[in-house]
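One chain comes next, on its own, written as structure tokens: the form predicted on its own.
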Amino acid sequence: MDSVLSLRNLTVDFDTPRGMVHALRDVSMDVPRGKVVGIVGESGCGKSTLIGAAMGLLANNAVVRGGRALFEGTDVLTMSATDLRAIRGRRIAMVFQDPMTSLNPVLSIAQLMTDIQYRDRATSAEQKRARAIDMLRQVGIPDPEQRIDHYPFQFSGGMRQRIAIAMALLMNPSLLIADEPTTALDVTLEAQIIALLRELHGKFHTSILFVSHNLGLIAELCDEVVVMYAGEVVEQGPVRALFHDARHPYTRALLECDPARIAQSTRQLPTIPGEVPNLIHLPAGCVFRPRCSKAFDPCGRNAPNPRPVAEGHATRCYLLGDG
């Protein structure tokens, strides 16, 4: 299947005063054209580093040890700063967790959305404004003809996130990266934003890389899921396969901790014992072994290789045999 984004054996370290942080190790995944791919995992599992690699926004102390991050066939990690600026916003766009990260508080929404279109020199200022108003209308901003001249502080948090989505989709990019776009919102606004993303995905056919801790949102929005743990992809596959036939113990543990799956009332929600390991000093063998109740002798020797489970479904676990 044609992929907008393909990560191949990507390995990224960060050089810090305390030692080398092994943030990503041999990560391979695809975002098929026109599909929504979800990335899930605890904090510290490498989701933000993966996004940074895909956008060419890794920190200065990042060291790419190997692999590629291919956007429409071109390795983002080898692109010049000029080439990266040419694709960001136009072909790859991003929605952040906090909309004020992308909304300059001293500029009006009209100015912000006009600036995004600065490369379209053949388009007049009136046409750019009309395009921005139309996009605001499509994301549900009331009275966009008047409100486009307002400033970010004059909108609620949910409206600001809608504006951020409008800005990201304004140039009809091939790939939209949504980095936990609903975390700062209440459940009602969260549902509205997810419904909006689903509607806009159907309208624009933009591929989406959606990062979230919320398994319910992943199940509702995504076509495929990538489960990350401590810098590795431990399982990936179609959303139905992972939610109904998860094979890796970590994936199963995440599902067991989902409040929506708890049938009986309880005062104490389930958790996964332990914590994500220190990425400077990784455990030997399987990285999940210290927290896994099913670990046995082979798990402590070498890290398991990815093993196919079914069509498009793969996992790293010795319980299924070493792939």
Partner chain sequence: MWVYTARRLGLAIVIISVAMAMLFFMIYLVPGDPASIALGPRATPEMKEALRAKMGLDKPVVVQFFNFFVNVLRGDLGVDVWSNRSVSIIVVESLPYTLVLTAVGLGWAILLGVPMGCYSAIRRNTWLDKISGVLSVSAIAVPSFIVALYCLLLFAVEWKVLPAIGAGEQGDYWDQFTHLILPSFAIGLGWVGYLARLVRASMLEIMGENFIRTARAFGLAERTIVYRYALKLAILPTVALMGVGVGNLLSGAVFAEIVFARPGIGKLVYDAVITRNYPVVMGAVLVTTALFVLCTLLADLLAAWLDPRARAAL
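None of these values were measured; they are calculated from a predicted model. Residue numbers count along the first chain shown, from 1.
This next part talks about the form predicted together with the partner chain, which is not shown.
Interface residue among Ser102, Gln192, Gln138, Thr206 relative to the partner chain in the predicted complex, by the heavy atom within 4.5 Å criterion: Ser102. The shortest heavy atom separation between Ala130 and the partner chain in the predicted complex exceeds 4.5 Å.
Shown alone here, Leu107 lies within 4.5 Å of the partner chain in the predicted complex, counting heavy atoms only.
In the predicted complex, the partner chain lies within 4.5 Å of some heavy atom of Leu112.
Although the partner is absent here, Tyr151 lies within 4.5 Å of the partner chain in the predicted complex, judged by heavy atoms. Contact annotation: the partner chain lies within 4.5 Å of heavy atoms from the stretch 90-98 in the predicted complex, the single such stretch among 212-220, 196-204, 182-190, 90-98. Applying a 4.5 Å heavy atom cutoff to the partner chain in the predicted complex picks out Met55, Leu57 from 23-58, in order along the sequence.
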